[in-house]
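Before any questions on how it binds or moves, here is one chain, the form predicted alone, in structure tokens.
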């Protein structure tokens, strides 16, 4: 953990006041967290655990009650910190009358892009999310999966160092999930730091280097997911042959740690049979 972290929160706390009596509800409670540069970091927890509130404080969209948060060493409340961040909120609401290309260009201009650089980046990110064929269509005609992909495009149009994705795969079919997963992996390969807020544990396991679990605003678990092991799947073996295999492994220092009967996973059957990129027909 040397050098400047992508995100470093210390004692981050957020209270919300409700009603005439000013009753306080603590959404985030003394949260300290460090996210290293180049990681895919998963932020997990049940609804109401404080995940989105934490992200909004890190983005400077909410002022913390106590504590501090820095983005690449810069206080998150400063504009120069936010310039290095791309953000896809949960259930984004985009201008439905704009085309996909116009929407991404709009956010590019907000981030300071102009002229040829803006046009080049818009073309690159739209191609990167597989929406070239639908770029001229109004966003109001997009499916949920297409909206999520155009949301990722607007989040990365200015080539930020840190990308925060709040439930980017919510409500998307298995093909859309595979496409977003591949895009996140490409971002990591380019040296980006990604914070992934999610509920689906299998998605987090497949993508993240490290995770933190929140509950009632508190950090309850933080751990790496980097440990690797070799797993073998063997079908159509009798009980006798399984016993022989176990003996063979033990003679060579191996251990048969798990033995169970499993059913085929729909994801394994479904995804390879559907084209990698598809568009919803225009209404």
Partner chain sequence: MTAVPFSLRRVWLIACVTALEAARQRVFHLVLVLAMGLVLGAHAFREFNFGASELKFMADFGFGALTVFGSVLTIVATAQLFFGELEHRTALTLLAKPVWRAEFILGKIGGVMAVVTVFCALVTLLLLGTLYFRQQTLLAEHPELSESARALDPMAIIAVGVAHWLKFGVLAALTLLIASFARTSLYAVIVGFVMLLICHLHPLARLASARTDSWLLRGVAGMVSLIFPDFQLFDLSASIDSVGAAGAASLIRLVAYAGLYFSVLGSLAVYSFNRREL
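Keep in mind the model is a prediction, meaning the values are calculated, not measured. Positions refer to the first chain, counted from 1.
Keep in mind that the form predicted in complex with the partner chain is missing from the display, and what follows is about it.
Student: In the model of the complex, which of the listed residues (133, 201, 127, 110) lies with a heavy atom within 4.5 Å of the partner chain?
Tutor: Of 133, 201, 127, 110, the residue with a heavy atom within 4.5 Å of the partner chain in the model of the complex is 110.
Student: Just to confirm, with a 4.5 Å cut-off on non-hydrogen atoms, which of 170, 98, 182, 206 contacts the partner chain in the model of the complex?
Tutor: So the residue touching the partner chain in the model of the complex, by this definition, is 98.
Student: Counting heavy atoms only and using a 4.5 Å cut-off, do 60, 83 and 91 all touch the partner chain in the model of the complex?
Tutor: Each of the three qualifies.
Student: Contact between residue 138 and the partner chain in the model of the complex at 4.5 Å, heavy atoms?
Tutor: Residue 138: yes, in contact with the partner chain in the model of the complex.
Student: Using heavy atoms and a 4.5 Å limit, would one call residue 148 a contact residue for the partner chain in the model of the complex?
Tutor: No, no contact at 4.5 Å.
Student: Even though the partner chain is not shown here, does residue 193 get within 4.5 Å of it in the model of the complex, heavy atoms only?
Tutor: Outside the cut-off, so no.
Student: Might residue 121 be said to contact the partner chain in the model of the complex, defining contact as any heavy atom within 4.5 Å?
Tutor: No, residue 121 stays farther than 4.5 Å from the partner chain in the model of the complex.
Student: Quick one: which of 209-217, 185-193, 112-120, 172-180 gets within 4.5 Å of the partner chain in the model of the complex, going by heavy atoms?
Tutor: Looking at the other structure, the answer is 112-120.
Student: If you look in the model of the complex, which residues in 164-189 sit within 4.5 Å of the partner chain (heavy atoms)?
Tutor: None of them.
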